[in-house]
Ligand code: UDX
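Only one chain is shown below, in structure tokens, and it's the form predicted on its own.
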Amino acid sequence: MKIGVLGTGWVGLVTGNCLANLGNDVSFYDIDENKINSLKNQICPIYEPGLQELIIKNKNKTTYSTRPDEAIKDKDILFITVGTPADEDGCVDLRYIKQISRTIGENLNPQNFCLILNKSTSPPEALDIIEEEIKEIEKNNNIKYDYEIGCCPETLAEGTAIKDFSNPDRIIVGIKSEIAKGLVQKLFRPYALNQAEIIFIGPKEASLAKYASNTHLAARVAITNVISQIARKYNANTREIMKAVGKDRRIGQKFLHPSLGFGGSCFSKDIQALTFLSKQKELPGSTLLQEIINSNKSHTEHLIKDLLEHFNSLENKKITILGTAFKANVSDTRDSPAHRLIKILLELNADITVYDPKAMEETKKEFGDKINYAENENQATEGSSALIIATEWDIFRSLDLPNIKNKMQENPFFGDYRALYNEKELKDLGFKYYHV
């Protein structure tokens, strides 16, 4: 099939290259010339495990261009994968949806049916905007296109996106007509043969399904961390508690791991968007939704309390933070708990050194010379008074603890805020152990 992907961010690149890997011809469009030039040379602009290799593998099935007609005209299916940023109140900015919709309207082929699927996370109003922009161009140019607008929300997790796309538990598609359904079934047939369920619902229902899923998952993280704080007061092991809870078949075991809280570009933004929509419609649920966000941010404050309990003052204290990405196996630092922590520590005049296997460049963009950057985890802990594990990278699960202890100051603080280590082991080595 001939596929057009409009936007070469994380969602667009994963979607297009996974579909090209199935044998489809995929054309990518973006206005960013530097990014397109890199992709033409098979250089991936972001870190996602397996994506660089997939881009190289697909070089004969993909094209990258700043010319919209190459990605739109004569395509069977178009995927909209542009950014949908939100302000602090949660109002989603749909300007890029509007822009790409006009671009679609200016480049469709009136001789061919085209299924336009919005994959950018956005409220149902986005579907109306897409239709309005295309219809205006039809009217102004006295032309009639044969198309349908639908929604196919992405259900991927950063760090495992290639695996998630290639082995989905379900594919959500919001469309109406039989011709659109036929195209979708043809496109996703390889996944359906592997028992993935294609869930056909309405376009607006599909738009809200993404928000609903992320809100449920974020709530699980928030509740787990609240329970963790209670467990600490009783000197109880949160991991053992959640292991027991996860055995309840009504609940399951995913997203029950205590941490500094969730981050990334999806959870907070999606919950804030639902909160905004709920307030806009004068519905009572906005308070509950907002409290998920408030609770998530509070865990960074608990960490600061631990540090102040140990040191009294953080003035000029050298603090090492291992991990600045919002989760392991990504370079994404958007809404990262580690970045939230760094901002507070800077206000308290701490001397901060960080190390992350993939996210250092993003952290440098954010903090510049306000903090120090190490080349590895061992260098990062040299002369440090406190060590905080903020991201669960595998390399941080097997630190040379005796060596690190010898490099650090006396009575060192060990903040295991991803629950990677055994408390007794750390205390026996002489660390003052703090955990979620």
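These numbers come from a predicted model, not from an experiment. Note that residue numbering follows the sequence shown and begins at 1.
Although not depicted, the form predicted in complex with the named molecule is the subject of the following passage.
- Contact check at 4.5 Å (heavy atoms) against the named molecule in the model of the complex: none of K2, G9 and L54 pass.
- Interface residue among K269, H299, K327, H339 relative to the named molecule in the model of the complex, by the heavy atom within 4.5 Å criterion: K327.
- Contact with the named molecule in the model of the complex, defined as a heavy atom within 4.5 Å, holds for exactly one of F276, Y355, Y147, F262, namely F262.
- Partner contact region in the model of the complex: 150-158, out of 301-309, 345-353, 244-252, 150-158, criterion any non-hydrogen atom within 4.5 Å of the named molecule.
- The closest heavy atom approach of I201 to the named molecule in the model of the complex falls outside 4.5 Å.
- Although the partner is absent here, A219 sits far enough away that none of its heavy atoms falls within 4.5 Å of the named molecule in the model of the complex.
- Contact check for N214: a non-hydrogen atom falls within 4.5 Å of the named molecule in the model of the complex.
- At a distance threshold of 4.5 angstroms between non-hydrogen atoms, C91 is out of contact with the named molecule in the model of the complex.
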